[in-house]
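Shown here is one chain on its own, the form predicted on its own, set out as structure tokens.
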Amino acid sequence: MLRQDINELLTQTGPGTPMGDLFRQYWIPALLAEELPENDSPPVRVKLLSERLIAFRDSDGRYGLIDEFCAHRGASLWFGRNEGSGLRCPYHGWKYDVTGQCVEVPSEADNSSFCENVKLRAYPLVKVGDILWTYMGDPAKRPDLPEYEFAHVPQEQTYTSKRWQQCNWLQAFEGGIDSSHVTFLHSGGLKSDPLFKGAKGNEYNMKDTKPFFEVADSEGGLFVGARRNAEEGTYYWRITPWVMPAFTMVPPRGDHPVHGHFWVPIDDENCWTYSFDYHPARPLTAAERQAMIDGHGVHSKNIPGTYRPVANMDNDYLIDREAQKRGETYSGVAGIAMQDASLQESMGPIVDRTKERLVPADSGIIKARQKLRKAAIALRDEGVTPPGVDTAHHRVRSAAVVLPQAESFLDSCRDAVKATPGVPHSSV
């Protein structure tokens, strides 16, 4: 179990909270690039770390992320007119550029300097891969842009989606480093999902339901190793990297693309789940890309025009008890993404960790909580830069390998868990 004060420290991410300050040390996903597809496209509401913001792309192609509310009388700039290299409030015509600077107040005299003293809170917004990233911390400490491999391979080799998840970021993230549930919750997907099926490693998953976990520190976070029995004298290892604060990669299966996630707090009771697939050595096939669009693998089928999954808590995730009885799905919920989300959301907006009973299979979760807490306190009390800010920490991979029983997974896989451009991932 976890003390209530520690649970609150880890789950509260608004302005002025230790974990909120921690997230503000990093570039984090703000929205998908597809949401601002062209110059002067409609502005988009963005809520991150409990801050209400507006994203827009101006006439010159510059991206802006500014306070949602006009400095005049607080009208939402989501209703604004995106025109002439700025966003104009439709109430009284006040206009702002991508830095949040007010550049025009129509009611003021032509020689007035009033607008020079009006500036909204604003954060940088930069496109890297399919994502628009923002940094919400001290401008003087702004780190280099993200270097996660999925965001830097050629466009034809990668795909990213997102979905709204109705729970705190931490319980969603913890599912990403929990490998033991795969044998149960995703057993149907290992046999039928087009982005998972057919791999030799699936057989090891299904035959050994009692994985042994070994967790190793890394410069940016952790490597979580899940060991299962393979052929005589060997073990099957699935190695999940976690880079602070909330980036994880799913160990690969065969030559399928590699999956991963980034969990971003909207507020303390909701988060965005960004899910990606990429292949480091070849383009995605048309069938693979279509499967991702259709909501297979780690992706979800969303309600058109939104990022809310079609299967959601309001319709009980379209649970099919007959499919559950037939063994097609273990929980009755279709799709790997929504199988995870349904159970994580079922815990409530913020799970009460004072009531939980952890076991050795939860060792990765335990270590991650400890590392997050330590980093948040060190930042608060001593100003220590947390792990994962240095872009060298981003250049990691997940791996799935079969090793002799006497070999250490980390010693044997040091090259496999490094991102090496153009080199295929290590997979079984």
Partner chain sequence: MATLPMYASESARAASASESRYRITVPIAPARNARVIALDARSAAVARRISDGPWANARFYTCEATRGRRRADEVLLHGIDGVPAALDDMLRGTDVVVVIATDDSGGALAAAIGSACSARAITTAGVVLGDGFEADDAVAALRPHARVLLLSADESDAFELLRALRV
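Numbering follows the first chain given and starts at 1. Bear in mind that the values here come from a model prediction, so they are computed numbers and not experimental data.
We do not show the form predicted in complex with the partner chain, though everything after this point is about it.
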Using heavy atoms only and a 4.5 Å cut-off, decide whether all three of Ala216, Arg227 and Ala361 touch the partner chain in the predicted complex.
-> yes
Per contact check vs the partner chain in the predicted complex (non-hydrogen atom within 4.5 angstroms), the hit among 361 to 369, 39 to 47, 54 to 62, 378 to 386 is 361 to 369
Here the chain is shown alone; which of Asp144, Glu156, Asp314, Asp138 has a heavy atom within 4.5 Å of the partner chain in the predicted complex?
-> Asp314
Residue (of Ser112, Ser346, Gln290, Thr306) lying close to the partner chain in the predicted complex, criterion heavy atoms within 4.5 Å = Ser346
Residue contact check: Phe212 to the partner chain in the predicted complex, 4.5 Å heavy atom | yes
Using the partner position in the predicted complex, report whether Asp267 sits within 4.5 Å of the partner chain, counting heavy atoms only.
-> no
Applying a 4.5 Å heavy atom distance criterion, does Arg373 contact the partner chain in the predicted complex?
-> yes
Would you check, heavy atoms only and a 4.5 Å threshold, whether Ser408 touches the partner chain in the predicted complex?
-> yes
Within 1 to 23, the residues that have a heavy atom no more than 4.5 Å from the partner chain in the predicted complex = Met1, Arg3, Ile6
